[in-house]
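We begin with a single chain expressed as structure tokens, specifically the form predicted alone.
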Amino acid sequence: MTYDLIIVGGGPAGITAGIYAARKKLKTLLITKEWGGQITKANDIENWPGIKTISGPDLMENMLEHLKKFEIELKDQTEVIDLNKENNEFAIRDNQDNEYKSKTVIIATGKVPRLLNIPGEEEYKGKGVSLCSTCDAPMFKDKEVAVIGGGNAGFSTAYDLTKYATKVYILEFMEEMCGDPLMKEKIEKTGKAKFITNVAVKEIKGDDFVKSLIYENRDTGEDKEIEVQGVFIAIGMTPKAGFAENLVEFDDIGEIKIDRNNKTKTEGLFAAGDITDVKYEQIVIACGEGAKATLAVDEYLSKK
């Protein structure tokens, strides 16, 4: 059997693409390792039009419920490991050695957290080192913690932690924090945060559990150690589309290059959401890109 469209990825972009595909009556399969992606790590979302405040997991549940109202084939807990094009059809193979054929494909796999690659990071994962404040913030009630990253991801993490921790250090490599100024104000108003810029984190130390963090002042070259019981890493994300490396062109940080119609360099292959080089990583933008990609697929198929 050959599908009209296979969507790879179950985040906001992939789900929106699926909803539009169902409405266009395209024979569609959506394959995803997990539902939600980054959105499930967000505690309070306050910029989703029409809803003043909603948690990331609740918004994802709403999206998934919407998707399941339509006639679309879903395959979750499944990872795509290979994508090729043969005789004007795409062949996709998953980690269970199943193969699927499709006339078109949308890649919407998003990104995975970027790591520091410093001593102690791997050793203390689950022992004070965390990549998810939504999951782990309550464990740090009345403790002092450090957040690595002064962008939007770092600010969101820090704000989650101010509800539990007594002190939150926010460390940024650049000379200035680069996250949203309004979110920075909200964090400052808690009275629990200390912002530290122009530093390079060098090591996480502890025994059975995290006890401290060492960073270098990039101006002076001096090392400083701060006592913390938790370290939350929020330095951005790395795109995950290695399975398509023969069919797409990546930019210098591994994002898929697309044109204004979400087309990649390969005819019939599209991409949407944070996996692409589209500027600004926002849920609402990912959803819009998912819709655009499916509309472009529908137009492509109608011309074929």
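Quick note: we count residues from 1 along the sequence shown, nothing fancier. Source: prediction; values computed, not measured.
FYI, the form predicted together with a further copy of the same chain isn't displayed, but the following is about it.
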(request) Using a 4.5 Å heavy atom cut-off, state whether K265 contacts a further copy of the same chain in the predicted bound form. (result) no
(message) If we define contact as a non-hydrogen atom of the residue within 4.5 angstroms of the partner, is K163 a contact of a further copy of the same chain in the predicted bound form?
(response) yes
(message) Within 4.5 Å, heavy atoms only: does E79 come near a further copy of the same chain in the predicted bound form?
(response) no
(request) Flag F250 as yes or no: does it have a non-hydrogen atom within 4.5 angstroms of any non-hydrogen atom of a further copy of the same chain in the predicted bound form? (result) no
(request) Answer with one of A91, M183, L115, I226: the residue that has a non-hydrogen atom within 4.5 Å of a further copy of the same chain in the predicted bound form. (result) M183
(request) Heavy atoms, 4.5 Å, a further copy of the same chain in the predicted bound form: which of 170-178, 134-142, 229-237, 201-209 makes the cut? Say which one. (result) 134-142
(request) Give a yes or no on whether every one of F70, C287 and S302 sits within 4.5 angstroms of a further copy of the same chain in the predicted bound form by heavy atom. (result) yes
(message) Using a 4.5 Å heavy atom cutoff, which residues in 58-95 contact a further copy of the same chain in the predicted bound form? It's fine if the answer is none.
(response) N62, M63, E65, H66, K69, F70
(request) Work out the direction of the Cα-Cα change for P12 and E185 in the predicted bound form: closer or farther than in this form? It's 3 angstroms or more. (result) farther
(message) I want to verify one pair: K189 and T53. Are their C-alpha atoms nearer or more distant in the predicted bound form compared with the form I supplied, knowing the change is 3 Å or more?
(response) farther
